[in-house]
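First comes one chain, alone, set out as structure tokens in the form predicted on its own.
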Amino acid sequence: MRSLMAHKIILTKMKVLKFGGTSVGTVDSLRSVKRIVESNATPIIVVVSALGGLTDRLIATARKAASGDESYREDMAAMSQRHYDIINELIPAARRADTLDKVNDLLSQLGRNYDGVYLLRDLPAHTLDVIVSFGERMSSVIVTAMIDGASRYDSLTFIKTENWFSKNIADQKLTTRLIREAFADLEGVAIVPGFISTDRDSGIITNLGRGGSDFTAALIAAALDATLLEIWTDVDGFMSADPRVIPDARVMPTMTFIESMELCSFGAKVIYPPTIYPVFHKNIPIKILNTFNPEAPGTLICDHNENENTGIKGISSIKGITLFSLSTISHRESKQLRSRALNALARRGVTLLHATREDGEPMVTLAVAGSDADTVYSLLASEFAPELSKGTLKDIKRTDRLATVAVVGEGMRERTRLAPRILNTLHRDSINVASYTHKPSATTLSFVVKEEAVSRTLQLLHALMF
């Protein structure tokens, strides 16, 4: 009875804060994290990433060891010293020795893993998962010691994954139950390492992939019916475009869940797209905030608000795209062709970025990440082998080094004049559009252009929209 009562208290008061690698990357940024966390009423749950850049360093060092390069030991020493410097600078004297003991234990385990990789000259995927897990395990120990009254909760015990098409995906039903059990009696500040998890069947260490710390925070927020999920990063919020390309890009004060998911799916790197799904289904708002500018209002992501601005919210892009064009001899067959192609990709877990049946032509186009291109070509060649043999499918044309550009905003289907305006704008600047969505989704209109034209495309469209 006590745990259920405590859980009800959490549901009405608790929020989740997530701090990414840049937020926990330096002594100064960690001081800002401390101020932000300690300014909040409790209970709160704080999810942290590894120190900025550390995950990439852990992977690179593992590959050095696997190749027989003895300088992996120097990298290991440098990573260790980075953690020691932060501990000596930030952790109060009374807690410093205990923190050093815990981090040293983790560093010793990490070192043994590297030594094993070096001796065997082999780096299995499961070993690499273990190696990268140490980043979040160590940062969470440090952040816990840094914040008065904080307690560390081990996400390896309650974030569970299952294997699907050789990928580790969250078992959300089991994870939800375990989260509720773990935090039933939460008081004060809980610190949780993001990204890392364990397989539900074998218990081996896994992870939630790119952006996994965002996903950890969302799973916890959804399981506990949090009032708010705050994502603390190094930007003031969702921008109308990439400010590195568009210097006058503006922060969007509000955005719907769908708009934010679409922008992230098409290249906006504010949050990881799967992050949004668990809280979206619970209608838990997300606030994007800047650790380095905590006074900025940020962007609030929530369910549709009739009073909010329903204009275009952003333009984003993804480079490294491959476009496949499938030409049939009959308009009548193109609809079935598209359906079969989509199903073939879905069965292998391939993410489709763009798909359309071309107006006026018996043709289907599919855009995928270049890293998936060889797999997709093999899938399509196998799926349509009979049609290719009989000649009812003319060919499968592949074009590499393209980019998708997406214009996102609610009510896209009603903006019937937008696509012609965009096409005319790009045509006047001699930018060729390889494909575009003739029938846009409710929120997104996407185009495929050459990779080298993407910056100019973004500039033209941002000027047109904003």
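Since the model is a prediction, treat every value here as computed from it, not as a measurement. The first residue of the shown sequence is 1; numbering continues from there.
Form predicted together with a small molecule: not shown, discussed below.
- Among heavy atoms of G237, some come within 4.5 Å of the small molecule in the predicted bound form.
- Remark: T233 counts among the residues lining the small molecule in the predicted bound form, judged by a heavy atom distance of 4.5 Å or less.
- Using a 4.5 Å cutoff between non-hydrogen atoms, G25 does not count as a contact of the small molecule in the predicted bound form.
- The closest non-hydrogen atom of P243 lies within 4.5 Å of the small molecule in the predicted bound form.
- Residue K269 is the only one of H281, R112, K390, K269 with a heavy atom lying within 4.5 Å of the small molecule in the predicted bound form.
- Residues of just one listed stretch (140-148, 269-277, 79-87, 364-372) have heavy atoms within 4.5 Å of the small molecule in the predicted bound form: 269-277.
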